[in-house]
Each structure stands twice: as structure tokens, then as C-alpha cells.
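A single chain, nothing else alongside it, follows as C-alpha cells in the form predicted on its own.
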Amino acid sequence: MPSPTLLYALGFVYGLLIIASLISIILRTRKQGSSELGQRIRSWWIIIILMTIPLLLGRLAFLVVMSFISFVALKEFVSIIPSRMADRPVIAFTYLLIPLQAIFIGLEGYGIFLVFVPVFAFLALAYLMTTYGKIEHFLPSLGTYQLALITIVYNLGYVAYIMYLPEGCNEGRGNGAIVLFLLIATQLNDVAQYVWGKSLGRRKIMPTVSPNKTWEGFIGGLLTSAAFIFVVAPLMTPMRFPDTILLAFLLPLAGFIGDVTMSAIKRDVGVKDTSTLIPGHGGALDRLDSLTFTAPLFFHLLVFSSYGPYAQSCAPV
């Protein structure tokens, strides 16, 4: 059964969406709101509902949904990058690793999950690319697919694995609440940076990579996210106080890095969004770029804080 913490948190999220929808309607009535704002909010409703269902159904449903999301994000990535005929086996291999990794997660194979993709699959992908004997653009292509392998396949797997952590150390909160906390904190950082940047942004932080990002937006988003994490993490996660402080400042920074990294990739290949799947937001990968960096950071801080050396009986194996 879903934990009370998860249900309360979902109620809070839906409450915020209702308030945002009402504000959008009022602004549109007064002709002060943009159609893009309403479109973004409608898309958020769909996104939240689609994530709520597997969180309520349990860890297997969530694992299946996260694997499908990884597949969609990888498909978007492959569609925007230049590729060669010789890359097709590598692309197929990368897709195959998504369900294979899901099996390791579902079997709670913590040790093999940690090393299989970033070590064995990483090296196997490099060898597989040599089998066609195409040397032209070998190194750029190899680096491109290895980046996709780590960020989209492996790092997003951490989100699903949180649901499979031992329940004994979360003090009744439920692993679904911990996953929801990660998702909210990551997306809040994106939204807060956007709002602060639009409101007060003057000084460009990385003009050649992401021209719309400003120092004001970055700092405002960091402080907003840090305050949220500092207050809410003790309620939704079992993390210890010192680790919560560390998380409050590292997670927004990781989210920013993930965002600008994907911006650099898109700018290099000459696209604005990875797809038009989500109206007002771009593609799935556009919404997941920050999560690909925050998920492994959060997972390891969580494990070392609450499941590791301080709680050996709850350590995943």
C-alpha cells in the first residue's frame, strides 16, 4: 500500500497544480497570461498523472515505466545526433541494455547494477564499434554513444533503483515518497531558475551554451531548491542532517550542470528541443536532462547516509 507520506506529498503537488491552473485561467481572462504558460501547465498535469500511477502501483510498475521513459529519451537522443551505418549495432546494443539493466534492478542486484553498464557495457560498446572497421569519425561517435549509455541508460536507472532499496531504513515513509522527493526537487530547481531568470535575470552565466540562463536565475534557483530540500528532505527521506545540508546545495548544482550539458549538445547539433513530445516542454529528454545528473548524486548520498556505514543492517547487497 502507498505510504501516508507519499499520499500527502502527492496531495501537495496536485494542490500546487490546481493553484497554478487557476492563476493561469485568471491571467488569461485578464489577457495577461501567455498561451505557452497554459500549455506548460496542462503538460505538467499529464506528466504528474503519468508518474503518480506507477508510484501508487508499486516498484515493479515504476521500474517498467522508468525503463520505457529511458527508451523514449534514448530514441530522442539518437534522432538528433549524426550517425553512421556502422553505428547501428551500437545503437541496438544500447537499447538492449535498458531491459537488461531493469532485470538487475528487479532482482535487487545492487553490486552488478553498479558495475555492469559503466564498466562492462561501456567497454563492450567500444569493442562493438570496431567490428565494422569504420575508422572515420570513430572517436567522436564512440564518445557520443558512451555518453548516452551512462547518462540516459545508467543514470536514470538510479531513479528506479530507489524503489528497490530496503524498506527498513526509511522509517515508514515508503520508497515512493523518496522517489517523489527527488523528482520534485529536481524539477523545482528547473522551474525556480526559469522564474528567477525571467524576473531578475540580467547577467548571462553561459551565453555561448545557454543564452537564456543568468546568474540571477542560477542563484535564485539554487537558494529556492536548497530551502525546499532543507525543509522537506527530513519529512520525505531518512537522510541525516549533515547529508541533507550537503544535498541542499549539491543537487541544484548537479541539476544545472545536467541542463547546460544537454543544452551544449543540442546547440552543437543545431536543435532547440530533442522532440515535440511534450507541448510547451519539448521532448522527454528536455525534461530529464537535469535528472540524469541529480539521480546518481542523490542515490549515493542517500545510500551512504541512511543505508551504508551508519546502518549496516539496511545496506543494499
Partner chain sequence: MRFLQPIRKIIMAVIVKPVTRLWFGLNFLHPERMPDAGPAIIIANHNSHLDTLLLLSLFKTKLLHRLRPVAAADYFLKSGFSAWISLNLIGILPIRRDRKRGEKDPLNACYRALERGDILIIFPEGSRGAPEEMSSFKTGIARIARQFPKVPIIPIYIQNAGRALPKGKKVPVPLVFSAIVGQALYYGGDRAALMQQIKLSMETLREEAPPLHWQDTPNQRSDIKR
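Predicted model only: the values in this text are computed from it and were never measured. Residue numbers count along the first chain shown, from 1.
The following text describes the form predicted together with its partner chain, which does not appear among the structures shown.
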Quick one: from 132, 95, 122, 215, grab the residue that has a heavy atom within 4.5 Å of its partner chain in the model of the complex. 95
May I ask you to choose, among 85, 231, 100, 115, the residue with a heavy atom within 4.5 Å of its partner chain in the model of the complex? 85
All of 71, 76 and 137 within 4.5 Å of its partner chain in the model of the complex, heavy atom check: yes
Location of its partner chain contact in the model of the complex, chosen stretch of 286 to 294, 39 to 47, 254 to 262, 269 to 277 [non-hydrogen atom, 4.5 Å]: 269 to 277
How about residue 81: is it within 4.5 Å of its partner chain in the model of the complex, going by heavy atoms? yes
Is there a heavy atom of residue 141 no more than 4.5 Å from a heavy atom of its partner chain in the model of the complex? yes
4.5 Å heavy atom contact, residue 91 to its partner chain in the model of the complex: yes
